[in-house]
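In the form predicted alone, a lone chain appears below as structure tokens.
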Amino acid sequence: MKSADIIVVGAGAAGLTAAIYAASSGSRVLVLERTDKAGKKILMSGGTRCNVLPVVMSLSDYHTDSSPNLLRRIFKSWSVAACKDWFQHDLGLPLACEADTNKWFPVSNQARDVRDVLVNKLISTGAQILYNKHVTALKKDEQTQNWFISTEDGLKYSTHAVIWASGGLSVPTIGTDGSGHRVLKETGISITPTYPALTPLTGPHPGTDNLAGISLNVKLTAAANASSREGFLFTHKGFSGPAVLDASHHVTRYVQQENTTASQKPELSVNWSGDSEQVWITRFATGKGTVRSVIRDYLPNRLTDALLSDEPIADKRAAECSRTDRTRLIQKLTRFTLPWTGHEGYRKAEVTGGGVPLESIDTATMAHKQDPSLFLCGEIIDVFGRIGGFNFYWAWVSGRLAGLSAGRLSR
């Protein structure tokens, strides 16, 4: 039986960070990774560029069913600026600011470089990573106070402290199938229901033609919460892009709930240009061309034609439209109800919603209140951020705090 002072389950963003900080205490650290590579999600992120961090963040960029005050306490442990300095100065990874998208990327634009500096730093501490180690059980010996971890290959490992960073259920093709949640449940840990978050939605496009490939900036309102996120994309099956992904959890949670009524269905309302009704009133009143030509000045041609496919005034002079016609048209342009029918689930989800509630975690240490030698970090916890490096920041912050705390405990 192999033993270590601290065992980290999972070599993703949170797990690697936790292991680095745990090893910095001088503890013997062992990382058990289910797949054949560390940081697979890092390698996939940002179109393989990896948006390491947001430039700025606030609590409103995150969603949790727990108290936001608990989340605030964790983020206070490490600022975005301090985290950026860690990457640049401690890990030696130069970052470049993409101010217009509020993101920090590696200067190389290679996600592999982000993963590699983390793994190299971890190895330099003397810690060890074992690959293809699928954890199937976690048990505590109350007499010795040691944890025993079993893996699918029949081996067992013992440790004084465990850092659980097994991830969620999103992108199951890389091994995140929820088995980490199952193992925790079997130890008596309470977990709130999980759901896909930041996932594309399905549904028919406006008009009769498929608008796949069209992208534009919109203002999307979901369940009465306005979002000014840029980026809306028509896909072959429906809709995607940051504006849609950030709002998708309203849909996924509704779909998986039982005994819901039609009145509870969340409405997604799209302002196709982000401009106000008054702006459009002025455009139509002063426009010298047809309704179609006026709209085409501000929206893609194919989308314009789709929105006007059932409009008898489409080719009428804009300035000659009646108030009734203009009001109907402007509502379609500024408050279009997106006809979603479902979502693409965990297969396309960026992250997982739900998980271990913050109320059950000591936010000063990331230890579970049920046992001070069991630490949690990353996607296993009921916290996720919007698109744009926010979920990586959560992984770095929660992983660091868990690693530091486990290291203090094992000394």
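Note that residue numbering begins at 1 and tracks the sequence as displayed. Keep in mind it's a predicted model, so treat the numbers as computed, not measured.
Another form, the form predicted together with a small molecule, is not on view; read the next lines as being about it.
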Does residue 14 reach the small molecule in the predicted bound form if we count a contact as any heavy atom within 4.5 Å?
yes
So in the predicted bound form, does residue 166 come within 4.5 Å of the small molecule, heavy atom to heavy atom?
yes
Distance check, residue 35 to the small molecule in the predicted bound form, heavy atom within 4.5 Å
yes
Non-hydrogen atom contact residue 134 with the small molecule in the predicted bound form at 4.5 angstroms:
yes
What stretch, of 63-71, 22-30, 347-355, 365-373, brings heavy atoms to within 4.5 Å of the small molecule in the predicted bound form?
347-355
Residue (of 174, 211, 223, 91) lying close to the small molecule in the predicted bound form, criterion heavy atoms within 4.5 Å:
174
